[in-house]
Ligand SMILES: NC(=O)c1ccc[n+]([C@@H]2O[C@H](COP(=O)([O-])OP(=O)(O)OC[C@H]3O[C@@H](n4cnc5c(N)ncnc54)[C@H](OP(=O)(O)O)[C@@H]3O)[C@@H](O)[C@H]2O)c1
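Heads up, the chain below is alone and in the form predicted alone; it's given as structure tokens.
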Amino acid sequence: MARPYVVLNAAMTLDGKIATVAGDSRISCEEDLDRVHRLRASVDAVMVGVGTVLADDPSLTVRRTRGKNPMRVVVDSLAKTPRGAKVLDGSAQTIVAVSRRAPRRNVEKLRAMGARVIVGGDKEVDLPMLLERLYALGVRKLLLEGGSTLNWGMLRQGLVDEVRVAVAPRIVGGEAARTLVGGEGFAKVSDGVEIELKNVGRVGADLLLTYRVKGWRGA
């Protein structure tokens, strides 16, 4: 399958949380935010799940460095992206990927706002299909800034090539706080996605870890 090279990038606390129990996801230090915007400027597209859009309303544009805004991709099975979302502000091309069970009226609203809608998958978005379509549109490098659900789906299906995580010197706890990867999870550690540490660095007060994804036996 021809697909883009996918980099999963995230900021998390030392205890693995990407947001607090109250939904606060302002984890990156200023230097790490600069790094993320440089990373966005180096890719063809940036992808998030609709949960991130609803919780954080990100622009997904390049603002803290020079560079072209990447294509924005939202994985949104039911086409719930709201009309006023920043990803629909016209500052960059936006693709919304929906499943076949997305209400037609929601899909038409997205198209009316200028979004390109890709349909695939019966209940959830067909992620391998989506990446193939993005590749056909010229996307060769994709930045995944997903929430825990989308991160799980991409890793579970062997669709991530690299992981970059900025670890902030904070511990926030909370059983309900979102972690880097959610989903149903693996029953055994030996069944999990195997990754190889490639680099350790610092960005501001944060620890920056870069891994290559080696895969897992079910991918």
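Start at 1 with the first residue shown and count on from there. All values reported here derive from a predicted model rather than from experimental measurement.
Omitted from view is the form predicted together with the ligand, to which the following refers.
Proximity of M113 to the ligand in the model of the complex falls outside the 4.5 Å heavy atom cutoff. Using a 4.5 angstroms threshold between heavy atoms, V46 stays clear of the ligand in the model of the complex. Put simply, T52 is close to the ligand in the model of the complex: some heavy atom of it is within 4.5 Å. The closest heavy atom approach of D89 to the ligand in the model of the complex falls outside 4.5 Å. Between the ligand and the residues L137, V117, L78, M129, the one pair within 4.5 Å by heavy atoms in the model of the complex involves L78. Using a 4.5 angstroms heavy atom cutoff to the ligand in the model of the complex, none of D34, P70 and I95 count as contacting. Residues placing heavy atoms within 4.5 Å of the ligand in the model of the complex fall in a single listed stretch, namely 22 to 30, out of 167 to 175, 22 to 30, 61 to 69, 184 to 192. Along 124 to 142, a non-hydrogen atom within 4.5 Å of the ligand in the model of the complex is carried by E124, V125, L127, in order along the sequence.
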